[in-house]
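Next comes just one chain, in C-alpha cells: the form predicted alone.
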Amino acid sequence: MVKTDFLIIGGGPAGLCAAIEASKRNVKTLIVDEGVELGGQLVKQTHKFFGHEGFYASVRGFEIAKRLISELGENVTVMKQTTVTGIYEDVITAYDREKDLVIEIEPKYILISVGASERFIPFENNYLPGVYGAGAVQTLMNQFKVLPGRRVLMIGSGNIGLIVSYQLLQAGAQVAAIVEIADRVGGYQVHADKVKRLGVPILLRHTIKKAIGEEKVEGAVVVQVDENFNMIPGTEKEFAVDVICVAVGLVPSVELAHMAGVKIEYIPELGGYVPYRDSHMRTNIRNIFVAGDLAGIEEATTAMIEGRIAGLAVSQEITGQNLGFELEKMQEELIEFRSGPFSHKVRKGLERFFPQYVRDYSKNSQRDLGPATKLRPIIECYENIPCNPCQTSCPSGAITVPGNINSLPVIDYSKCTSCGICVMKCPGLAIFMVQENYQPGKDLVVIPYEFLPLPEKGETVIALDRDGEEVAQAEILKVVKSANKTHLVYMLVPAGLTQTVRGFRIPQKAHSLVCRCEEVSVEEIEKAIDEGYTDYEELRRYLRIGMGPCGGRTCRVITLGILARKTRKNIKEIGFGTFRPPSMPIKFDSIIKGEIKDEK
C-alpha cells in the first residue's frame, strides 16, 4: 500500500503544473504516468507555443516539459510506465509495467489529468497498416525519430493537423494535401499559412472516401461534400500516398473519472462527454479534481493553468494556507486566454458549470507597412489569438499588443531598430522583414526558416509566394542563426516583390550514383576527395566503392575519371587499384562444401 496526500494521475502539462504548486507547499505528492517519460503530449511537440512568457510563449513543447520536470520538488514521487487500472471507494489500483505488478494507492486527494484520446472516423479500408492518428505520427517522428512514411495525406485542418503536417515536412516527408470537410480551416491561420507557402494544398469541403491497398496503404481517394457533408459522386480525387494521418479532433478520456463516481455530462463544445467541475477544478466528489483535456479540449497553455489551479486548491485544503490570491491570479489568466474568438465554444460549454467572463481586445490590424527606405518587420497575423511574444521580445518597445493578449499587434516604426528578434520569437512564423531598393533593382526580404540544410551566403534559391508558387530566383545575402532554431534568411529578390515573396526553396541537386551496388553518389565521392582521399584504394576503403556484387566493373572507371578531374591529373597518373578474388560473389557455404569434397 502506497499512501500519499496528493495523487496525480497523468504527468502531462496539467499534472506537472499541479505537482509543482503542491511541491512548493510541501504537500506529499505522487505522479502516476503510463509514459516512458513525463510530459504527456509536450515531449513530442517541437513547435513553439503561443501565449505569453509567463506560460512559456516561444518555447518548444519538449523544452517546456524539461523545464516543468526540473521544477518538481523533492516531496514529489514519480511512477512512470504505470497505469491506474481502477478507482474504488477505499483504494486505487495501478499496474507497474516495468516491475510487472499491481500496486495499491491510498491518497487523500486525487487529480485526474489523463488527457484525451484521438477521435477516429470510418472510411473504407481504414484498418490498413499506414493509417495513423496524428498523435501516433508525432510519437513516432518526434519522440522515437521514426518517419512513418514518405508521402502523407492529412485528414483534418485543426491545429493538430496543421502542426503535424509542418513537422512532417521538417522531417523530410511529403504532404500530398490536407483534407478538411468544413468550408474553412479549423486551426490558426498562421499555422495554415506555414504549410501553404511550402506548397501544401488545403482541400476544403472534402473528406476521405477510402484507403487504397491490399496489405498496406498505397493510396487514398478523397471526395467533395455538399453543405450537408454528403459525398458528391463524380468528384473523387486519388492520391498516391503510403500514410493516411487522421487529425479530426480529440475525445476526453473520462473512464477513470466515471469509475470514481464523478458526474459526466455531454457538452459538445468541450469535446463530448466531460466531467463536471467547478472553477477550482473540483468535481462533485469532494476530494477529486480534474484538469487539462479531460476537463475540455483546449490548448496546452490552459491545461497548465488549470493544473496550477487544482494544485493550489488541493494545497490550500491540505495545509490550511490561504492561497486565495494565487488562485485568483490563475483565474484571471484563464479569463484572458479564453477571451478571444477561438475560445467562444469553450466559454459556451463552460457556462453549463459556472459563469464565464471575457475581456475586450482590439480587432484592428495594422495596414501601414512603414517607410520603404528602412528594413522593417511586417506582421501578417490577422486573427485574434492569445499571443504576445512579439511585444515582450522587442528591445526597443516598438511593438505593442494593446489591452487584451488576444489583440492584434501594432508597430511603431519610428522605434524599430530592425533587429529581427520579433521574427525569431513569433510562434506562428508570421513576421517577415522587408526593404525596397536595397540594391539597384533588388529588394531585401527576411524569412523565418526552420528547415535543414540552411542555405549559404551567395547561394541561388527559388523564391516562393504565400501559396508556395515559384515567383523568381533570389540570392542569399546572409543567414542569422538563432538558438531557438528559428533562423533568419536574408534574400535579395527582384524589385517589387517585397509583398509577394514569403518563402524559398533550395534547388535540388541531381543525385547521380556512381557505385550502384553500394549507392555511392558523385557528390559523396567529390566530398571525400575534398577531404583528402585522393587515391582510389583510399576511396574504396572509405566509401566501399567497388565492394558490391559487380566488383567495380562499372564504378571503377567512373571514379578514376572523377579523381582525375578533381586532382587535375591525367588518368594515366592515377593507379587503378587492386583486383582481388573472388571475381564474383560466392557464398561461404559453397566454399566450405568444396573444401569438404576435396578432403574426401
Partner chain sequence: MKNEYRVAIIGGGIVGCSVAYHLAKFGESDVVVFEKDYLSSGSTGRCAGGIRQQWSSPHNVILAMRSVSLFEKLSRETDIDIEYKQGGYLVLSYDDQEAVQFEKNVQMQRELGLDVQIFTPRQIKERFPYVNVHEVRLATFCQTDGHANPHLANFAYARAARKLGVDILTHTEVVAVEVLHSGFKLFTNKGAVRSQILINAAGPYSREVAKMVGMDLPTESYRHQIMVTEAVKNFFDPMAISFSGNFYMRQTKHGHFIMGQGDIDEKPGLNNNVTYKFEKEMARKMSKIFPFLSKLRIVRHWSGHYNMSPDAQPIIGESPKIEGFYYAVGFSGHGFMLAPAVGEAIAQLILLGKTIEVDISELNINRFEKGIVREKNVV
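No experiment lies behind these values; they were computed from the predicted model shown. By rigid core we mean the largest C-alpha set that fits within 1.5 Å across both forms. Residue numbers count along the first chain shown, from 1.
Here the subject shifts to the form predicted in complex with its partner chain, a form of this protein not shown in this document.
Q: Which single stretch, out of 33 to 41, 60 to 68, 528 to 536, 46 to 54, brings residue heavy atoms within 4.5 Å of its partner chain in the model of the complex?
A: Only one stretch qualifies here: 528 to 536.
Q: May I ask you to state whether Glu269 is within 4.5 Å of its partner chain in the model of the complex, using heavy atom distances?
A: No, Glu269 sits far enough from its partner chain in the model of the complex that none of its heavy atoms falls within 4.5 Å.
Q: Looking at the partner-bound form in the model of the complex, is Ile562 within 4.5 Å of its partner chain by any heavy atom?
A: No, Ile562 stays farther than 4.5 Å from its partner chain in the model of the complex.
Q: State yes or no: in the model of the complex, is some non-hydrogen atom of Ile558 no more than 4.5 angstroms from a non-hydrogen atom of its partner chain?
A: No, Ile558 stays farther than 4.5 Å from its partner chain in the model of the complex.
Q: Check Lys28 for me: does it contact its partner chain in the model of the complex (non-hydrogen atoms, 4.5 angstroms)?
A: No, Lys28 is distant from the partner.
Q: Can you list, in sequence order, the residues from 549 to 586 that come within 4.5 Å of its partner chain in the model of the complex, counting heavy atoms only?
A: Read in sequence order, the residues that approach its partner chain (within 4.5 Å, in the model of the complex) are Pro549, Arg580, Pro581, Pro582, Met584, Pro585, Ile586.
Q: Rigid core fitted, then: does Lys44 show a CA shift of 2 angstroms or greater between the shown form and the other one?
A: Shift at Lys44: below 2 Å after core fit.
Q: Core superposed first: is there a CA shift of 2 Å or greater at Gly61 between the shown form and the other one?
A: It does not reach a 2 Å shift.
Q: With both forms fitted on the core, give yes or no for whether the Cα of Gly551 moves by 2 angstroms or more between the shown form and the other one.
A: Yes: Gly551 shifts by at least 2 Å between the shown form and the other one.
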